[in-house]
Ligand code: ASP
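To begin, one chain is listed below as structure tokens, in the form predicted alone.
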Amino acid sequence: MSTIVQKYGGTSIDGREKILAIAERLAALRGSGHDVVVVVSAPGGTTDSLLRDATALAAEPSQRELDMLMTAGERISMSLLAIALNSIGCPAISFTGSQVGIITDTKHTDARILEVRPERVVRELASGNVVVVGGFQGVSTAKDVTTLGRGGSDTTAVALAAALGAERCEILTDVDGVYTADPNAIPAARKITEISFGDMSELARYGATVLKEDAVRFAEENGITLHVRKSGSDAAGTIVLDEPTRPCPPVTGLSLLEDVELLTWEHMPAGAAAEIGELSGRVKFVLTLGDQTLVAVERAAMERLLDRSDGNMSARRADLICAVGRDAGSAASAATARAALEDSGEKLLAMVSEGRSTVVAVRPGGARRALEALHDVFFPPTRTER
């Protein structure tokens, strides 16, 4: 039988009625002849609540103990879903990340998966069980519980799909796919039928929350096609794959990352350059113009760079908008973006164009208007939308 891996987010599994509805759908999927593995996140709001409890006791809790605490939410979800499945006559068993062989490095709160040893999952599937796994977690090479960072349940699902040779990996969430922009911010945004791994990972890097960047890259490296669709619906969502099977527009989509820092050095010291290399995903771009270097970095990582500033650095807040697609990094697309921002009245603080993307930095508070202006120019309304 083919194996299907599904992942349900916290809002999809929050409450008894939602859990029972998911159980019914999983039982039907198993009844249709598939082996089923389901990865679950913590119930909506649980992780934030646990973090507040921890920081109320200590301003800087131990990272190891935070990992022990944060996995509690996923354990609640996985056990309740397994109980619900068994109650309707569908045999199921729940496991933590460590129990299904997800081995990570030793970096607490943001670990990376090194390998998956799925033998126990394979045995349970062969016994006829639906296997329910707590997402977002694993066990380190030092045998400590670790977590995979925000959105890590997506990565758990993809890693298990790769290890099991699954037919497909479905990401079930509270939206019905990937859109040309966040539909909550841009009502005119359109659903994307197919999107490449490269474009999706870039959107995720710059703020799109429907998928985690690490999960997309893991899927690409292991050849796992992702299906993103709305939980509880049979409607088609978005397929993330190597390359779309149908023609794509020059720009595929836009994403918004708010509240970053633009750091400028007139002469960057060697220590700062080394620190930037270690920060990896927290640094969004580095732009060099003569002796001047401009770095866009998440605010959470700014302190480490301040320590390397040598008094030669200035900082200002900004929001970033990223356009991705086959021609998004072209000079023509960059010029179009620049003109759209000028017409909107938003000042362009910085722009980086390369490969299949153009990233613009705008003042804090102006990003929504800038995003709307860019969406209008890259995705003009059709005749039926006017």
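So that there is no doubt, residue numbering starts at 1 and follows the sequence shown. These numbers come from a predicted model, not from an experiment.
What follows is about the form predicted in complex with the ligand, which we do not show.
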(request) Heavy atoms, 4.5 Å, the ligand in the predicted complex: which of 345-353, 326-334, 313-321, 40-48 makes the cut? Say which one. (result) 40-48
(message) Between Pro244, Pro118, Gly198, Gly151, only one gets a heavy atom within 4.5 angstroms of the ligand in the predicted complex; which residue is that?
(response) Gly151
(message) Residue by residue through 66-85, which ones have a non-hydrogen atom no more than 4.5 angstroms from the ligand in the predicted complex?
(response) Glu74
